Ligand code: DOR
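Starting off, we have a lone chain in the form predicted alone, written out as structure tokens.
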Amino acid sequence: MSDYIKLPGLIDCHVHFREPGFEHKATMESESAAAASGGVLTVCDMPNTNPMTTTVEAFRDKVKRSEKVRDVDIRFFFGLASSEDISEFKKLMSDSELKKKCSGAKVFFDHSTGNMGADKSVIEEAFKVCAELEAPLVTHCEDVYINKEAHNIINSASNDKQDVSLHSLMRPCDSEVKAIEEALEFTKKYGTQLHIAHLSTGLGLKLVKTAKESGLKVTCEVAPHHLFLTVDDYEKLGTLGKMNPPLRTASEQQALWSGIADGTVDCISTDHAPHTLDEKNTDDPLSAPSGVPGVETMLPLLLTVASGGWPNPRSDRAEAQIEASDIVRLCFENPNKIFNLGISDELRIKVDTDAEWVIKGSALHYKCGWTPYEGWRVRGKVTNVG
């Protein structure tokens, strides 16, 4: 006899649906189908598309494109990579209709997919303006100088260009920690509402916890790939395990689960970032694009842990504890509040928590056709929406 629970339609506050400009990887329609299949009925899409979402015109175009999607509510972040972008963001925030579709602004401390890294003066201006506009500011926290130095050291010391695990050394934990320190300094200076994306380190979490205790308006999210994968998975995954920030050690993974348990972590969001298999399977692994899909598999991975299991067959179970009520808090209540989304909890998803199934990329709804969780046995299947 199956055991069913009802949850509010989940919110994934960090996705890359790739449209416009990269429809060969994904479209709003394909990835929304994946999201809905996984119980996610609201998403917040990031600005590194083509054109980048850094003008009112580009933002309006995305909103127009999203109107063809019926099952998932798509909101959008506005990118801040230059002073001109910040001027455009001010215009957007004065438009009452477009503002309803805006989750906030996004600034990259270093380049990631789309090369939207901002210099320090623009980063500081973004904090100042977002505070004035009372808009949430999401930060991709990796320090450009530490990354560059680490990249040069690894390149000069290693002749093994096929070792994708070097990616984790080229974007080290210190890079994230340094960028978080800088972000918190700006937050303290301007009173900005700061949200740190895909936090991946224990020291980063400690900084956030201390900042919260001091009264700063800071929140953070962690991603399923950092909760369930570590550097040990590179051997099996190769470039399918490459993302920014990169995979970390088991001790860093455990710190994230501890951050969920003590309430430091506010959200779990996927950083859903599909690329084609052809793009991933390059002859130069370190040049392969960073990012993995995840919006359809987040809920079953978390429900597997809630049932007392552990989905990764290649690793020992982390000291991970989570319940259905925690999933609601982390994947609905908190993102709804942080980004002022105004999503009602009346639209429910029905989940068969006893349903066991094996994740297969070919059976998921992603246009890219693959998953880093291939072959994992999980529990929990969405059976109905409404």
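Position 1 is the first residue in the sequence shown; the rest follow in order. Everything numeric here is computed off the predicted structure, so don't read it as measured data.
The protein also exists as the form predicted together with the named molecule; that form is not presented, and the subsequent description refers to it.
**Q** Exactly one stretch in 259-267, 144-152, 297-305, 242-250 has heavy atoms within 4.5 Å of the named molecule in the predicted bound form; which is it?
**A** Stretch 242-250 is the one.
**Q** Please pick, from Gly204, Pro136, Gly291, Pro172, the one residue with any non-hydrogen atom lying within 4.5 angstroms of the named molecule in the predicted bound form.
**A** It is Gly291.
**Q** Using heavy atoms and a 4.5 Å limit, would one call Thr187 a contact residue for the named molecule in the predicted bound form?
**A** Outside the cut-off, so no.
**Q** Can you work out whether His275 and the named molecule are in contact in the predicted bound form, taking contact to mean some heavy atom pair no more than 4.5 Å apart?
**A** Contact check for His275: yes, within 4.5 Å of the named molecule in the predicted bound form.
**Q** Even though the partner isn't displayed, in the predicted bound form is Asp271 close enough to the named molecule, meaning a heavy atom within 4.5 Å?
**A** Contact check for Asp271: yes, within 4.5 Å of the named molecule in the predicted bound form.
**Q** Residue-level question: is Ser112 within 4.5 Å of the named molecule in the predicted bound form, judged on heavy atoms?
**A** Output for Ser112 is yes: heavy atoms within 4.5 Å of the named molecule.
**Q** Using a 4.5 Å heavy atom cutoff, which residues in 31-57 contact the named molecule in the predicted bound form? It's fine if the answer is none.
**A** Residue within 4.5 Å: Asn48, and no other.
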